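Take a look at this single chain in structure tokens; it is the form predicted alone.
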Amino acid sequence: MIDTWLRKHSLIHTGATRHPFILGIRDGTVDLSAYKTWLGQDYLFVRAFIPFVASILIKAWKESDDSSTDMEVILSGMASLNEEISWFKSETPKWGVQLSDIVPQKSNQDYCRFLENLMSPDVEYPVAITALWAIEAVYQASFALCLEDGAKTPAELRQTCQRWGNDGFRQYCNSLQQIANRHLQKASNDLLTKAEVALLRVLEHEVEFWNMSRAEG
């Protein structure tokens, strides 16, 4: 189901995963002040992202049977978020970014509000897990580009790209996609429509988030 949607919405998907901000990192032309903007804003986003993932863990507990590995996969993602927060706190001082001074910009606020809406108990598990996969998969695909052979990614940004572009994170995203597809296969047409809309909204928010970073650069 998800592959079908990505083909259908290939233009916005490409816009999210091959954004000029990412391509600038890949070819070494990125404005480092744009990177600093992204770094601070993404820290705030991750803090809002954690309760969103926790809400999906609860939905998985309610919706999945004992034989599924949904909870284990989602829990592994939650565990890595603790380390991710620590990484932001160690990375930002290198760039002179003071976390206590960061004010969320509108695109960030809109994205976090979208996550908060998805946390509602009324939002079905297949919709939420599709959104989770999309959020994680955009970062994996984007930063993996910057690690490919021939990339001219600046040395000081390679660790950042490795954080989301590594093979372990790719496997985690694949596991999320498999979970989403499994639940979407037995979903009603109404539920499929909601999940597709959630996927599109994630892609739109991701583009706006990259745009926000570059606008401050």
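Quick caveat: nothing in here was measured; it's all calculated off a predicted structure. A residue's number is simply how far along the shown sequence it sits, counting from 1.
Although it is not shown, the form predicted in complex with a small molecule is what the next lines describe.
**Q** Within 4.5 Å of the small molecule in the predicted complex - does that hold for a heavy atom of every one of 35, 91 and 95?
**A** No: no residue has a heavy atom within 4.5 Å of the partner.
**Q** 154-162, 45-53, 186-194, 26-34: which one contacts the small molecule in the predicted complex at 4.5 Å, heavy atom to heavy atom?
**A** In short, 45-53.
**Q** With a 4.5 Å heavy atom cut-off, would you call residue 124 a contact of the small molecule in the predicted complex?
**A** Heavy-atom contact with the small molecule at 4.5 Å: absent for residue 124.
**Q** Is residue 110 one of the residues lying within 4.5 Å of the small molecule in the predicted complex, judged by heavy atom distances?
**A** No, residue 110 sits far enough from the small molecule in the predicted complex that none of its heavy atoms falls within 4.5 Å.
**Q** Residue 144: heavy atom within 4.5 Å of the small molecule in the predicted complex?
**A** The answer is no: residue 144 has no heavy atom within 4.5 Å of the small molecule.
**Q** Quick check on residue 139: any heavy atom within 4.5 Å of the small molecule in the predicted complex?
**A** So residue 139 counts as contacting the small molecule.
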